[in-house]
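Let's start with one chain on its own, the form predicted alone, as structure tokens.
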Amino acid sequence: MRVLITGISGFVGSHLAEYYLKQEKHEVFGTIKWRSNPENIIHFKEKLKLYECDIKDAFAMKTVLSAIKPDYIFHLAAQSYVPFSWRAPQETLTTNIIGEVNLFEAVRELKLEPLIHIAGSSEEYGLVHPEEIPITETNPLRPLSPYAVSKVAQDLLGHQYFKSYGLKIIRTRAFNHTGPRRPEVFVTSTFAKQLIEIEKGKRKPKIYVGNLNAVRDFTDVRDVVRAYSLALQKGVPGEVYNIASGKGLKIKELLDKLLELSGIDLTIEEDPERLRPSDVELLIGSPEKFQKISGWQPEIPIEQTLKDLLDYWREKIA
């Protein structure tokens, strides 16, 4: 199997690449940008076949696909940080929407027939009412950030290209996921990094936080990439599937678990810079549809995920 992962050096992309490499029966290809940080893939980079490609460049995308002719495409390259989308909405919309269109058009023009996975997000659901929990795939999409709008557009484009041109596209909407290599701008990772900096005497025993009352559905990234693989093996082209644990945790509960694991005594302070203009308060997904077709279940408990995240930062911070 020739597996192409766009954005392979990112958080999820690197874990997905590692998942396929461990099976030792696939060729794994990936797109990177010239300024991509190779740190996430450094330990297995020699086993990958990498192509420099800005997904916003239609010619570059077509050139890469023509060279690889993949059987599977996992489209993960994106501007994925929600707060940044408020500061740079144009960049977020262009990267996420035009980048995907370039991928689809290249597949069409080259007359390729890969299975294509589009990584959507629970942020697409946005404003969710308590009576709509757990969220199913038929729930209304009420996005509350430029990032979420871009993911809705990606989702609908995936459906449109399946219906219009017969591209074998399977969409997922992953709820929150974390684990080792999570960039520090994301909530669990910024908590973990601050805690390890305190542990190593690099900052005062005070941790800065944003909205601790938001409820999220968290899954380990290693379970999520396994779900992505199953989506292409078991999923039906044209369909969309939630990837979720079905359980909600307040951000405060995650912080408490990290504090318990680290054993550090500190004070907590809200940082206004970490608050969003409009926040999604409640996201708990129903994984029932996906579980029925794939048999997938999360296997890694959140406590193990957070422990591994702390250990990741212990290794990174000298």
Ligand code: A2R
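Residue numbers run from 1 along the displayed sequence. Owing to the predicted nature of the structure, the values given are computational and were not obtained by experimental measurement.
If you look for the form predicted in complex with this ligand, you will not find it shown, but the lines that follow are about it.
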### Query
So which of Gln291, Ser262, Ser36, Ser286 reaches within 4.5 angstroms of this ligand in the model of the complex, heavy atom to heavy atom?
Ser36
### Heavy atom within 4.5 Å of this ligand in the model of the complex - the one residue of Ala78, Ile196, Ile170, Val107 that qualifies
Ala78
#### Entry: Touches this ligand in the model of the complex: Tyr147 (any heavy atom, 4.5 Å)
yes
### Task
Determine whether any heavy atom of Val64 comes within 4.5 Å of a heavy atom of this ligand in the model of the complex, and answer yes or no.
no
### Message
Within 4.5 Å, heavy atoms only: does Pro298 come near this ligand in the model of the complex?
### Response
no
### Query
Using heavy atoms and a 4.5 Å limit, would one call Ser9 a contact residue for this ligand in the model of the complex?
yes
### Message
this ligand is absent from this chain, but in the model of the complex, do Gly13, Ala119 and Arg182 each have a non-hydrogen atom within 4.5 Å of it?
### Response
yes
### Task
Among 42 to 50, 28 to 36, 262 to 270, 245 to 253, mark the stretch whose residues have heavy atoms within 4.5 Å of this ligand in the model of the complex.
28 to 36
